[in-house]
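First comes one chain, alone, set out as structure tokens in the form predicted alone.
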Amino acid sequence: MSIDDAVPIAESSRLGGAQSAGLVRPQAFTFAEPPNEMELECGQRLGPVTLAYETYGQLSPQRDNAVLIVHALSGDAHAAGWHSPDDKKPGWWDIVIGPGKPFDTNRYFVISSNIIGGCKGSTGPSSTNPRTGRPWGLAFPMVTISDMVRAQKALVEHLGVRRLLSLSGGSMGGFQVLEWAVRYPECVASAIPIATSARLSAQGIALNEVGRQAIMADPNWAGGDYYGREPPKAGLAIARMIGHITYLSDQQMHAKFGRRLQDRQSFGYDFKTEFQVESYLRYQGDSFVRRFDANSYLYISKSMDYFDLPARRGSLVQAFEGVRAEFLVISISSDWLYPTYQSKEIVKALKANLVPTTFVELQSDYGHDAFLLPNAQLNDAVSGFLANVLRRVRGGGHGGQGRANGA
């Protein structure tokens, strides 16, 4: 399952329905205008910087109900609602964002932004380099998870929010959640990292590298300077196919496809598509190249490789020493890309710092992408957690003290 798949949408959540965020308007925020460019972790400067974003719900008069949603590698700012009545599907996390949903837009002001380095409205390698008037390509500086979070901080402040009630994201989004809580402890009341880890494993780095090599081996990649010409569709499609395999569990692959053949009754003894799983992966690859930039894939996947919270601060326990947010850490039982033990490492380090922490392992056969699918356990955990945090914030509590629970 991925955001490219068509997720069945309940009638109550369709455009105009009782639980729909409705029509939403893409927005953009630009900052770091020269000579005040943003200083990146790699040592280079970038500016101006534009972030594409959307908001759902209303900011309270106390400005205490803002929730930031951060996305994974292939995501974007369009997390909920519909851009037009003709849209075939809503935002990528519409199942949990909207009136009466876990991120209840009747109660919370939800912000979703596209990361820097992306290709869906935010400044990235496909954007125009102001010095040359041409797309950046590989001249775009390397960005990190830290850079993405610092850009989001500028956006949140622009929207009049000084302290987030919460923020949440899965996979690479979870990296950003952890970075936010550590980098800006006074600005985060609570955090919900999902299906993630404190650093990418060697296996994760290896899988990312294979995807990058597939892109760079495509003759159309042209050293990253393919804009205005045929892009490296074949290489990017293969990268997506590789990545998508990691998002599904063995159980789900077997249940969804097994060894069933596609449009034939027997083996053809050739290299044409024969198995249903082959057809599915090719569909995923083909649909991905229509909406994503190959260079963005290179940059974003590399930023994931660099993320290592324990190494940068001595240990994971030390990394969480200044954290003041309450945590809801969520893993998925069948996730082999970010297995549950990695979430428990986060929980253990938070507990060592007496950070109030709840841990939930979602029981699902759908693998890593289960958080993108309807799940009552996820809904209950997030709804209850956020309601309690809002109650404590408005009652004067600030989190970060007391006994952790769960795990």
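We number the residues from 1 along the sequence you see. Not measured: the values here are computed from a predicted model.
Omitted here: the form predicted in complex with another copy of the chain. The next part is about that form.
Checked against another copy of the chain in the predicted bound form, the candidates Ser364, Thr55, Asn65, Gln342 yield a single residue with a heavy atom inside 4.5 Å, and that residue is Gln342. Here is the short version: of Met253, Ala222, Leu159, Val317, the single residue with a heavy atom within 4.5 Å of another copy of the chain in the predicted bound form is Met253. Contact annotation: another copy of the chain lies within 4.5 Å of heavy atoms from the stretch 268 to 276 in the predicted bound form, the single such stretch among 107 to 115, 268 to 276, 178 to 186, 83 to 91. Under a 4.5 angstroms non-hydrogen atom cutoff, another copy of the chain in the predicted bound form lacks Glu321 among its neighbouring residues. Mapping the unseen interface onto this chain, Arg282 counts among the residues with a heavy atom inside 4.5 Å of another copy of the chain in the predicted bound form.
Put simply, Ala234 is close to another copy of the chain in the predicted bound form: some heavy atom of it is within 4.5 Å. For Tyr227, no non-hydrogen atom is located within 4.5 Å of another copy of the chain in the predicted bound form, even though that partner is not displayed. Contact with another copy of the chain in the predicted bound form, defined as a heavy atom within 4.5 Å, is made by all three of Cys42, Arg199 and Ile242.
Residues Leu298, Tyr299, Lys302, Asp305, Tyr306, Phe307 of 286 to 307 are found to place at least one heavy atom within 4.5 Å of another copy of the chain in the predicted bound form.
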